[in-house]
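Just one chain follows, in the form predicted alone, and it is written as structure tokens.
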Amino acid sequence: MMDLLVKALLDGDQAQAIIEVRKLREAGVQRRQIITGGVEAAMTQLDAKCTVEQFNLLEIMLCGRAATGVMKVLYPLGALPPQTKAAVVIGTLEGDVHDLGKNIFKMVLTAKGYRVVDCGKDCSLERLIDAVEQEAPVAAGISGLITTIIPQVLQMKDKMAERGLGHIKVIAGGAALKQATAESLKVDFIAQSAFDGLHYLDQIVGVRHE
């Protein structure tokens, strides 16, 4: 039965994925098992396909949407899945209202057990750093589709250091940022995909990949 859930997720078929997860719950399968054997398994397979040759944004988006639907069935009324890992603060910087990439990243991290604090889109640098100061995350993730946000990215680490937050890692991602190097943007890591960012975080917190 878990294979059917994985297939529905990889097909981006949210309706079928929800049907399968309800069947699993009715059969007594625990939520954690469904996340590990279903949602995480599908993400692992999708991760493997996300090479330069096979990368398909629509496929990732549909799978992400289906996985989000499954998570809402497993944890209704806004309840979050078990958060066994560190906190991560994320946001799309001010002037950019595109948040698909951020939302996919959030879904991947949440499904993997991270506590994600989402500052939303068109988020000022100050508001993002306020959240970092308040939440004490292992990292802050900044996303951007347009190049006009780059000046803000360049200020991020310095402004964090001014508040004594220089030890917190900064991950950048999105079309406007992933063409650059971490050094040129003054960040710790450039994520080429949501999974790339996940792997970096897992390295920071010492998670082993099977």
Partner chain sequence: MNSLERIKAALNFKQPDRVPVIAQVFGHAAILAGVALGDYARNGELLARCQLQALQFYGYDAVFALMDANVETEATGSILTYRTDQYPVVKSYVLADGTDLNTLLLPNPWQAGRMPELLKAVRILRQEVGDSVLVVGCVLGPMTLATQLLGIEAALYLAIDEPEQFAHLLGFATKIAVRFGVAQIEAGAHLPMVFEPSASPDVIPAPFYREFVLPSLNQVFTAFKQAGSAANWLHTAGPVTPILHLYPQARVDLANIDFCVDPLDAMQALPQTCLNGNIKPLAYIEAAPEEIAAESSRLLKLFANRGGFILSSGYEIPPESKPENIAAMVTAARQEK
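Owing to the predicted nature of the structure, the values given are computational and were not obtained by experimental measurement. Definition used throughout: the rigid core is the maximal C-alpha set that superposes within 1.5 Å between two forms. Numbering follows the first chain given and starts at 1.
In what follows, reference is made to the form predicted together with its partner chain, a form of this protein that is not presented.
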Worksheet item: With the partner absent here, would 71, 199 and 203 each sit within 4.5 Å of its partner chain in the predicted bound form, counting heavy atoms only?
Response: no
Discussion item. If the cut-off is 4.5 angstroms on heavy atoms, which of these, 139, 129, 119, 107, is the one near its partner chain in the predicted bound form?
Written reply: 107
Worksheet item: Using a 4.5 Å cut on heavy atoms, which of 154, 161, 27, 58 is close to its partner chain in the predicted bound form?
Response: 58
Discussion item. Although the partner isn't part of this model, could you tell me whether residue 165 comes within 4.5 Å of its partner chain in the predicted bound form, counting any heavy atom of the residue?
Written reply: no
Item to complete: Give a yes or no for residue 65: in the predicted bound form, does one of its heavy atoms lie within 4.5 Å of a heavy atom belonging to its partner chain?
Response: yes
Discussion item. Quick check on residue 44: any heavy atom within 4.5 Å of its partner chain in the predicted bound form?
Written reply: no
Discussion item. My question is simply whether residue 133 lines the interface with its partner chain in the predicted bound form - judged by any non-hydrogen atom within 4.5 Å.
Written reply: no
Fill in: Stretch 135-151 - residues with a heavy atom within 4.5 Å of its partner chain in the predicted bound form
147, 148
Item to complete: Take the rigid core as the frame of reference and indicate whether the C-alpha of residue 13 shifts by 2 Å or more between this form and the one not shown.
Response: yes
